[in-house]
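Below you will find one chain, with nothing else, as structure tokens; this is the form predicted on its own, and questions on how it binds or moves follow later.
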């Protein structure tokens, strides 16, 4: 099988390195089962790992080459990648891609084209780097009824929250973000990571596979970590929680919810233990139960390994058809509005230290059907009191109404904060 690699960045270097050290592949497929016919990139590369591979500067010339059977799309972005992948599929060539944004926005169109041409579009590397979550959802859970997914699916945000929460760190969000950029864990423009869109793309893909529903990126509620501060993390820890940036997808027989946002998770939960740039995906299915997939979420080795895994499947002629739903635009479940979802909450208020103030806060919450699970308070020298509460699970619409009422109270100071609490058992 002859492949053409489009892109010459970090992931491409990982793919080439793995294929050049191909003892494992040779043992399973025979010598030279996967050959790199050519590489293409907008700019020439001096990376020594690419030495000796035919190279050209026009990626769009690759699909029509007769000496290439499979296109590996690693150029990133959406518009040029869409043009390249459509051209390759139209030429009757299978495609392996690591492009989550392309799939989240155009996956249905591309899957339909691949099916019409009788070729494959594989994308293990598009979600969570080296974790084989796509194969698991597409193959291993066949025969199960997947009810929920909850995971840490962006390494940049997990690194930032981990560093900010370290004992004695007292580091601001901006300081830790700069460190992440220096270490190569965050892009020069980190908006897609810290704003949650990277995680939203991954969650949309996983949810489509898990629940056999169409890709619905426009139905993913997305909230980043830009507003999280050190006090949020300290109070969470005092109350027995860690703050993580989660992707959550839940389904029942009639509805589907998909959301990406910061959330408190219990200290003793598996997700609370995931540190640094590591990713983790918790899948709850029946009858198998709860399964945790964890590992490196990005980088040349992990992502390159997933690309090679897809190439291996193509080279050995394994069935590689995704569920029919990925090429359709209509599903059987109705997507929930975020206002209809349920979460617990951590609320932090600064209030004037006056008699009966806590009773008034409790009354406002009760008027909206909310109850308090935990409460702590700390007096300040300026005559105010910081009040931090963990609220029991409630419908988002009711909580937001109560928060608005609290903020409008004359003795509640500006700057009230709220972060959702995620109960891992809720995916059951």
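Computed from a predicted structure; not experimentally measured. Residue numbers count along the first chain shown, from 1.
Below, we refer to the form predicted together with a small molecule, which is not included among the displayed structures.
Should residue 124 be classed as touching the small molecule in the predicted bound form when contacts are defined as heavy atoms within 4.5 Å?
Output for residue 124 is no: heavy atoms all beyond 4.5 Å of the small molecule.
Should residue 185 be counted as a contact of the small molecule in the predicted bound form, where contact means heavy atoms within 4.5 Å?
Yes, residue 185 sits close enough to the small molecule in the predicted bound form that at least one of its heavy atoms falls within 4.5 Å.
Classify residue 94 as contacting or not contacting the small molecule in the predicted bound form by the rule of any non-hydrogen atom within 4.5 angstroms, answering yes or no.
No.
Within a 4.5 Å heavy atom cut-off, is residue 156 in contact with the small molecule in the predicted bound form?
Residue 156 belongs to the contact set for the small molecule.
For the three residues 151, 242 and 423, verify that every one has a non-hydrogen atom within 4.5 Å of the small molecule in the predicted bound form; reply yes or no.
No, none of 151, 242 and 423 comes within 4.5 Å of the small molecule in the predicted bound form.
Choose one stretch from 338-346, 292-300, 78-86, 213-221: the one whose residues place a heavy atom within 4.5 angstroms of the small molecule in the predicted bound form.
Within 4.5 Å of the partner lies stretch 292-300.
State the residue from 73, 257, 232, 193 whose non-hydrogen atoms include one within 4.5 Å of the small molecule in the predicted bound form.
Flagged contact: 193.
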